[in-house]
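What follows is a single chain, given as structure tokens, in the form predicted alone.
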Amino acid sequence: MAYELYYWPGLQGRGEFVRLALEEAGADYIDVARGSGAGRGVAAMMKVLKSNSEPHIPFAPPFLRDGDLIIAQVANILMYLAPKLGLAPKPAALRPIANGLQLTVTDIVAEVHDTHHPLSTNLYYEDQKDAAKARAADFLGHRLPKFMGYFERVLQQNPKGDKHAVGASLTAVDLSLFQLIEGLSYAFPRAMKSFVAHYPALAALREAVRTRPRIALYLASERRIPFNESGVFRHYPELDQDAR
């Protein structure tokens, strides 16, 4: 049976981290909320979220259905999928390390979101612009260098190769780092313009992932939703600034 991915249509968002793993593996999957007809569309996703009988309901998308099993949360989904898709570290003893890195990616993605919604997700960006400017300035000046510096060290200190975050072969973490860098480059082009000079190992990983055959095909296809100002990574010029 095909995997079923549930996420909001029209957004890369957090669902994209899962899509990249499925695409790289050539897995058979259905992007449920982007479909139409019986059992498809946003209504099908909301039916699961509001179910009164599903024994393991997710809190929010993205979530993945594999047969009768529903798995929620990006890092948790990838921890489940990666061994099945050939995207987990070898040996298995490194898999908790990979999960820790994936959780750290989750941390920075949450901080990116909060640059444009620092007060409340129930308010429009336009209702919290002053707070967003302050939050984005702090993120770009302090938090972004801290996270990027950490991931750069992870790559450089990996004894198996500096184009992989953990182990000697591609893992879901590498794909997620690629997506993180792509999203940051869209949201904050001024801050990221010196990215290659400051973080050469991350830049090399980004290019290595981008040119993988299945990933390259996916990026050029209609399945890859463009970045936009409704997702996690949003480009508001007034929030961007030159990196320190």
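The first residue of the shown sequence is 1; numbering continues from there. What you see is a predicted model; the values in this text were computed from it and never measured.
As for the form predicted in complex with another copy of the chain, it is not shown, yet the points below apply to it.
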Partner proximity in the model of the complex: D114 to another copy of the chain, non-hydrogen atom cutoff 4.5 Å: yes
Close approach of Y150 to another copy of the chain in the model of the complex, 4.5 Å, heavy atom: yes
S120 within 4.5 Å of another copy of the chain in the model of the complex, heavy atoms: yes
4.5 angstroms heavy atom contact with another copy of the chain in the model of the complex for L94: yes
Proximity to another copy of the chain in the model of the complex (heavy atom, within 4.5 Å), stretch among 209 to 217, 47 to 55, 192 to 200, 25 to 33: 47 to 55
Among the candidates L85, L170, V109, I71, the residue which, in the model of the complex, approaches another copy of the chain to within 4.5 Å (heavy atoms): I71
Neighbours of another copy of the chain in the model of the complex among 23 to 40 [non-hydrogen atom within 4.5 angstroms]: none
